[in-house]
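Consider the single chain below, provided in structure tokens and representing the form predicted alone.
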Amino acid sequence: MRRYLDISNVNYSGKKFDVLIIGAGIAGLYAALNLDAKLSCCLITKESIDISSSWLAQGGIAAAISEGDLPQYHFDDTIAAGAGLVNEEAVRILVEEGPEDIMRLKSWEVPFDLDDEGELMITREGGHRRRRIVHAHGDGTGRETIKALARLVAEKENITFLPNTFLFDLVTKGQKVKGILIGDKNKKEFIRSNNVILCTGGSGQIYLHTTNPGIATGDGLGAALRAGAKLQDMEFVQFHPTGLYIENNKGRSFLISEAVRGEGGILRNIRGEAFMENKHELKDLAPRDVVARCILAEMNNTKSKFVYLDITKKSKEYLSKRFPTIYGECLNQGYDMSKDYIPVCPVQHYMMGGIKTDLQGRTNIIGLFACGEVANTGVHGANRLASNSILECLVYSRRIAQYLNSDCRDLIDEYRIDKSKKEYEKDHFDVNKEKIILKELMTKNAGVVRNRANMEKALIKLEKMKDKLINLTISSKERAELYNMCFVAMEILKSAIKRKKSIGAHYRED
């Protein structure tokens, strides 16, 4: 692996900030808002603010705020879903501090849904034994939260926002962060900072079918890996049980939120038979890994490409109000949720593994922090509990900001990157073709069900792709994305091969 993707034409512009935040989903925005106003901050996002996994988040945010619920109960459900591989201290922080962050969002005018008495409406999702999910605009929680946070960010004089900006690399000196390289095919720019927070999301685009947006190509993971950051638990890839099935779908998979089952939805096979009754004590609200495997088993048994989700016992008025986004998309595809069963199948959804961090979001690289899906705090273990993802973004991005407020490393020395003497090939390379090959390899060999032989064959093929990539000029965003996707996919396969026993989202049929 090369240290930097492309340093042939770097502009040392002199730009510098106390803190750089890469990613403008909920983790990035919340971190910026919790920084002390005396700290200069640059918030960088790959495209526009409305393109992120956070924006697409439907279900809501889990927190023990309802009467009769306790952080301990939320703790127990999180431990159970994570199959015992969680960091218990990290989970304790999550469930105990999370309610306060929910109340802060409410005070910041995130438009959570309220009942007739003005209290937060709370629902239930898979793996939760109590109702503890708050939501906004029915199934638009992520979108509405980002819109509210973005308005506040725009009012902050200490925050500079850079949209449509691609992260090529983290710049380090020894084990210390010195800044980042951003740019395009023609020019790279070095922005100085001794404190960088990665909030770059996941890498769902390494699979053919994912709920992740097109920007989710593992850029933060790739940059961190090149800088020497430690990755952990990369084998744990979550497949959401209920992606909307569309024949020959070539784009992002549309998610049918777990909240639909939380409001009474029943999974049925193509014969109309409910099949979760005897599969788990929580039936249709079992943890995601369990439900995904049960659906695959039904698909295999009935030789079908999907199963059905039945929520027809609810009225059109209720469904269109509670799930406006899902209801509208189903109508677009020809399904009226109040009358028709919805065809669904498992699709890649979330990375539990990522950059290893401590409880303040610190990595093994001094000055490098990570939060959200790109990070591995240990709160999810082998399988993420529904709606814990945004909660993790809130709690741990705030903790990073609080740490930096009291211990922000000052910029002192100038730094320039040592130029590589290696000459790279400039041959034509069909990036799109190679991306499809990679996606097909991962979908077929590192999906819901895996075995050693297939994973090893896939790894050998990706090693050959890597050998081509490391000798190529990687000056464009498209090539950089493929480079990151390849190395992240290899990390997933190597970790999955190493873990021989099935646990959580990692299921070995051998």
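In this text the structure is predicted, and so the values were computed from the model without any measurement. Position 1 is the first residue in the sequence shown; the rest follow in order.
The same protein has a further form, the form predicted together with a small molecule, not shown here; the description that follows concerns it.
A residue is said to contact a partner when one of its heavy atoms sits within 4.5 Å of a partner heavy atom; E258 meets this definition for the small molecule in the model of the complex.
The small molecule in the model of the complex is not approached by S397, whose heavy atoms all lie more than 4.5 angstroms from it. Using a 4.5 angstroms threshold between heavy atoms, E392 stays clear of the small molecule in the model of the complex. Residue contact check for S387: one or more of its heavy atoms lie within 4.5 Å of the small molecule in the model of the complex. Residues placing heavy atoms within 4.5 Å of the small molecule in the model of the complex fall in a single listed stretch, namely 249 to 257, out of 88 to 96, 249 to 257, 400 to 408, 67 to 75. Interface residue among H135, H240, R132, H209, judged by heavy atoms within 4.5 Å of the small molecule in the model of the complex: H240. Taking D169, D289, E125, D233 one by one, only a single residue has any non-hydrogen atom within 4.5 Å of the small molecule in the model of the complex, and it is E125.
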